[in-house]
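Taking the form predicted alone, here's one chain by itself in structure tokens.
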């Protein structure tokens, strides 16, 4: 398998790189357009979505990535990465933009601000349970018919269960931070799907 790119402008870059390497996959840090050559897929890490969005523009990466994602490059966004992949950002800033690769509506900080960060076990069907680390996490408020919901979480606030791990074609999004734990199941699922598509 060719390298998996990890967008390296801001956020949990080191943690995603380490997880990929623990799975035996080469990781490439993506900072400029030349870094995109020959990657097999892309991870957009957690961090600050507006800061990452701004840096994508100033680095010249926004348009090349939009083309690659639109052409079907496998992409996985965690937390801020999910916001950057969402079709709709419900409480975004006036200058907020996204790649619109996932037909979901997300609310930034939907589970609360930094002080409300929490961990909860997340059951991924028959695949098992993973630790979910939610830090200023976006909440998926709605999703379209083409979105496959792989895991949900009921925060106990009366709003019911919300999707926290979704997939639509080659695009994956996750509300929590799988890269901040030693569990590699979520990354493994993304890589398994990528390998399956290559067959």
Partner chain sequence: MTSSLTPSSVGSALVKRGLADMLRGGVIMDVVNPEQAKIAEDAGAVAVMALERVPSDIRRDGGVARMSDPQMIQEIQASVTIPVMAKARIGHFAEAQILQALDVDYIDESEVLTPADEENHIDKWDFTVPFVCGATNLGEALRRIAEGACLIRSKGEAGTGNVVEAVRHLRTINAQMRRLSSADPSELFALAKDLQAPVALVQEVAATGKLPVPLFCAGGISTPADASLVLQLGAEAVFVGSGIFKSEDPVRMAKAIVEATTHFEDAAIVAKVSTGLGAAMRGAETASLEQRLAERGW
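Source: prediction; values computed, not measured. Numbering follows the first chain given and starts at 1.
Here the subject shifts to the form predicted together with the partner chain, a form of this protein not shown in this document.
Could you tell me which stretch in 130-138, 36-44, 62-70, 167-175 has residues with non-hydrogen atoms within 4.5 Å of the partner chain in the model of the complex? Partner-contacting stretch among the options: 130-138.
Does every residue of 19, 98 and 195 put a non-hydrogen atom within 4.5 angstroms of the partner chain in the model of the complex? Result no, not one residue of the spot touches the partner chain.
May I ask you to check whether residue 183 falls inside a 4.5 Å heavy atom distance of the partner chain in the model of the complex? Answer no; every heavy atom of residue 183 is more than 4.5 Å from the partner chain in the model of the complex.
How about residue 9 - does it come within 4.5 Å of the partner chain in the model of the complex, if we only consider non-hydrogen atoms? Yes, residue 9 lies within 4.5 Å of the partner chain in the model of the complex.
Is residue 189 close to the partner chain in the model of the complex, meaning a heavy atom pair under 4.5 Å apart or at it? Close contact is absent here: in the model of the complex, residue 189 is far from the partner chain, nothing within 4.5 Å, heavy atoms only.
Test of understanding: in the model of the complex, would residue 26 fall inside 4.5 Å of the partner chain by heavy atoms? Contact with the partner chain, no.
Residues in 150-171 close to the partner chain in the model of the complex, defined by a heavy atom within 4.5 Å, in order: The stretch touches the partner through 150, 151, 152, 153, 154, 155, 161.
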